[in-house]
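Here's a solo chain for you in structure tokens, the form predicted on its own.
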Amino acid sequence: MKLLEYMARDVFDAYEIPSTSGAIAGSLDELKVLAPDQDYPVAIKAQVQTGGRGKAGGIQFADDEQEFLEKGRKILGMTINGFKVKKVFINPKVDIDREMYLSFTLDRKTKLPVMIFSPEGGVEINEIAEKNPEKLVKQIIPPGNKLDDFFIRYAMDKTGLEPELKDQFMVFCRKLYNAFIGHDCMLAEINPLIVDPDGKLLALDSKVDIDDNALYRHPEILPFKDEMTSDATVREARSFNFLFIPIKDEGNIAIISNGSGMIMSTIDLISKNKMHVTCVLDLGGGATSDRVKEALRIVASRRNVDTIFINIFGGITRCDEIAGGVDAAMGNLGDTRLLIRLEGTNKEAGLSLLESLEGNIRIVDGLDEGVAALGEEVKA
């Protein structure tokens, strides 16, 4: 889960990482309430789950109330990289003597945390990484390590960071690493980490991505996941611990399956045959008949869905439970066509139940046969 900046700032505050305070507004009326109390000049920052907002005009400065309202309203109406701006974060404008970059992220190859530091930062950090990789230091942190001073000193020495910043920089590194570990992060980033004219370090921007599988350990953050999801079907599916993914508005085929690999293979083969998947739902493992019934109801309620391809390879998910869910849901599916492929635990019992059902159901023996059957339905 990618936290918006103001949410990430709350995480930073919990670990006492020095950063700028701010206020949130989600409408012109809220901006009007905040305007008289601002200590101008201020920065107005779009809150979106994507990078590049600065270059897109999503960060602007205001010197007075009129400019504050004009620029705040303009940013709230923006779309940045496909994300509509629904909130802005307002901070006092800070004088900057220097910008740096600091982050901890998960190295997927070693499955270990990696510290990344550059004495240059800001909006051009990706360009710096490509054109001047020697200005970036990356260090893998061994399992169980509490970020020994050695790693921090090495980053400083390698990049030539000034000795007078040593004590502050070491504190920043330790606190950011503690936030990365303590909040189950995939990424904890400060860009820019600035040096102000008084020589003090300050996190001017904050980015935190939390492992979705660990959100249950952070109940203060979990509600924001639904708040940032505009699709009501996604939210409803999530309430049953399903993963629902809209694909294309113009599609008519929905997929219900168990496992991302199975889902991706099914989408790929359907698309290769010039048909369109509008949405998918991942049941997860161990789905019961009651949950399968709810999954079918959720998917069938989606606009344009007239065909549902249920593609199940059952391990802990039993095929007879899938069939039981289909049986329970049949009365509420109307004219929706079902293509069903079952493989795995209790397959025979599941197929036996499905064969006894009346309705617009077709049983197929594999993925290829299922996609071929979808093609026949389209031609019909």
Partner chain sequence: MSFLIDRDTRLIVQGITGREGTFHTEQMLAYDTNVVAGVTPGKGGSEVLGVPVYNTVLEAMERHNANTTVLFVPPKFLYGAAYEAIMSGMPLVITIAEGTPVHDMLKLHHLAKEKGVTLIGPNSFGVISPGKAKAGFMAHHLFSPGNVGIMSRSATNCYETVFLMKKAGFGQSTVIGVGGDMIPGSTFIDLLPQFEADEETEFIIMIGEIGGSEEELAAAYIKENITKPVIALIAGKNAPKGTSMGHAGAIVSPDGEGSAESKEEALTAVGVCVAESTQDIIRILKGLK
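Residue numbers count along the first chain shown, from 1. The model shown is predicted, which means the values in this text are computed figures rather than measured ones. For the two forms, the rigid core is made up of the largest set of C-alpha atoms that agree within 1.5 Å on superposition.
Another form, the form predicted in complex with its partner chain, is not on view; read the next lines as being about it.
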{"property": "Residue contact check: Phe180 to its partner chain in the predicted complex, 4.5 Å heavy atom", "result": "yes"}
{"property": "Partner contact for Arg341 in the predicted complex: its partner chain, 4.5 angstroms, heavy atom", "result": "yes"}
{"property": "Its partner chain contact at Gly57 in the predicted complex, heavy atom, 4.5 Å", "result": "no"}
{"property": "In the predicted complex, Leu161 touching its partner chain (heavy atom, 4.5 Å)", "result": "no"}
{"property": "Options 192-200, 302-310, 85-93, 265-273; stretch whose heavy atom lies within 4.5 Å of its partner chain in the predicted complex", "result": "265-273"}
{"property": "Option touching its partner chain, based on a heavy atom within 4.5 Å in the predicted complex, out of Pro133, Pro223, Gly77, Gly261", "result": "Gly261"}
{"property": "The single option of Val234, Leu112, Leu165, Val171 touching its partner chain in the predicted complex, heavy atom within 4.5 Å", "result": "Leu112"}
{"property": "Members of 232-249 lying within 4.5 angstroms of its partner chain, judged by heavy atom, in the predicted complex", "result": "Leu243, Ile245, Pro246, Ile247"}
{"property": "Rigid core fit then Arg318 CA moved by 2 Å or more between this form and the one not shown", "result": "yes"}
{"property": "Threshold 2 Å Cα movement between this form and the one not shown for Asp268, core superposed", "result": "yes"}
{"property": "Core-superposed comparison between this form and the one not shown, Arg73 Cα displacement 2 Å or beyond", "result": "no"}
